[in-house]
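First comes one chain, alone, set out as structure tokens in the form predicted alone.
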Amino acid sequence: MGCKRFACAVCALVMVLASLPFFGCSSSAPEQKPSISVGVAIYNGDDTFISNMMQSLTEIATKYEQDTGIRVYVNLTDAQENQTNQNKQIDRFVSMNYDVLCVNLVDRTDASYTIDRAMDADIPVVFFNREPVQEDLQKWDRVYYVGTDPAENGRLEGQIVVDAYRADPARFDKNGDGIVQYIIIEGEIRHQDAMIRTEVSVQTLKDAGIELEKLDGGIASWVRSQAAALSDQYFEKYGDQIELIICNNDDMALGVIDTVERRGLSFNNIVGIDGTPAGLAAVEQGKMLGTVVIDYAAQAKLIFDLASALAVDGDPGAVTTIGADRTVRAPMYVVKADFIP
């Protein structure tokens, strides 16, 4: 966690771009290449996955400029987990007549504000990472969502554990009672992805015939340090009774690893979701069983391809496959530790 350096770099980029003339600002200016303006609103710039995705997005925009000769103005704003802040940022994008909005909602149930403002100004919207409710997505034919299927996230995470269990049941059932005692560390309260990932990952284990007992669980809001604090409490309370820790994302899994290492424990029955560089490194080093890789670079390209097509009144269906529910599903795959078949 902690991407202030990246955020500063992006802010510098925005300031430089803002100093350049927008398309159509002056009829007396020298002939300019076409340009598009993209307003990007994220929920929290300190989120590792989101910051990685935004870095990829800016790189993709630069390459698009080079390949097409169309200048791209990207303005990235950080709501710092405050929906009121984000609504104000949306207002500013609309007032400046941006060509397209890309929005990572603070509150997925509050998409209607953005949609209503965008509709009034006829500015298309691409939501990403935090899926609005279907009723909101169906309000307008210029609203889309790019993200992964949280149920598939959970299924793949659960399957990592199933494969490891089948290869070596004893690594989980340390006390020989035939039951895997586990801890669950979740993302935000009432966050759809967190709830679905939790439910489906656990159900996948049950469907595979693995007997489970939940020892405890808590909310760490996707944050590494919060997961470290929680897991420290759990190891203090339950000690060797803990046989598995399921985390809703990699940063929280890394927080558990921080606690394991600080306590000098030999424990790696930990799984996560995201496939961040640090998460993948932990899998490679044998510190966790595996992770579900949500390819942030591929997702960033889907977001930009869709946004750039909408910005020039192109056909979004020509650049990607869009479901009947107005969603575009990004690819994902599993990376497991070497000892898991």
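Small disclaimer: the values here were computed from a predicted structure and weren't measured. The first residue of the sequence shown is number 1, and the count goes up from there.
The discussion below concerns the form predicted together with a small molecule, not included here.
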- Contact label in the model of the complex: residue 49 to the small molecule, heavy atom within 4.5 Å: yes
- Item | Partner contact for residue 193 in the model of the complex: the small molecule, 4.5 angstroms, heavy atom | yes
message: Does any part of residue 114 reach within 4.5 Å of the small molecule in the model of the complex? Heavy atoms only, please.
response: no
request  = Indicate whether residue 129 is a 4.5 Å heavy atom neighbour of the small molecule in the model of the complex.
outcome  = yes
Assert contact_stretch over 39-47, 302-310, 63-71, 282-290 against the small molecule in the model of the complex, heavy atom within 4.5 Å, equals 39-47
